[in-house]
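The chain below stands alone and is given in structure tokens; this is the form predicted on its own.
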Amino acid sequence: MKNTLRAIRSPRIAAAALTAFALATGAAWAETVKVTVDGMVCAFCAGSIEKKMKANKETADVFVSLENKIVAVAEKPGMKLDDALLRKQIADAGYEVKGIERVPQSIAEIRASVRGK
């Protein structure tokens, strides 16, 4: 039991366990939309994009990595963010969307992977 508890403290194992539980129980599982953005050059840029993304009712959390040109937007469970809306919001803010992908990672996992580089 002690080894099991120690293993669950690992973020990767905890995320995998949570994913398995959600899939097994049929729980609504939210995705994270990972957007590659060109044109972000300062903290103001990152802050303005973060503010726009947080205004969406489907948004649970946002992480912006200026260095990696990534905007990660976590969806609220049972809700979907529209890719066209994200593209438009980012373009209207003056930035170019290079790519959008849906990933089964949490904001915390994306943040950790970016900081670990």
Partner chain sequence: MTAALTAAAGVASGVLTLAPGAAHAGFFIPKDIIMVMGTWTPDERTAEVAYGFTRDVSGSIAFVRRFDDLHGGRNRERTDLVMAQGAHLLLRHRTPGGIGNAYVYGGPLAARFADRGDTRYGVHVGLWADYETRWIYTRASHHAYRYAGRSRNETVLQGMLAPYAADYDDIASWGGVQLKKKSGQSQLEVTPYLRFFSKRWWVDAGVSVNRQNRNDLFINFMHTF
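Keep in mind that what you see is a predicted model, and the values were worked out from it rather than measured. Positions refer to the first chain, counted from 1.
We do not show the form predicted together with its partner chain, though everything after this point is about it.
With the partner omitted here, the residue from L85, M79, A55, V41 that has a non-hydrogen atom within 4.5 angstroms of its partner chain in the predicted bound form is V41. Its partner chain is not drawn, but in the predicted bound form it has no heavy atom within 4.5 Å of K34. Taking non-hydrogen atoms only, V64 approaches its partner chain to within 4.5 angstroms in the predicted bound form. Among heavy atoms of A93, some come within 4.5 Å of its partner chain in the predicted bound form.
When its partner chain is considered in the predicted bound form, T59 lies well away from it, no heavy atom lying within 4.5 Å. Heavy atoms closer than or equal to 4.5 Å to its partner chain in the predicted bound form belong, across 43 to 63, to the residues A43, F44, C45, A46, G47, S48, E50, K51, K52, F63, ordered by sequence position.
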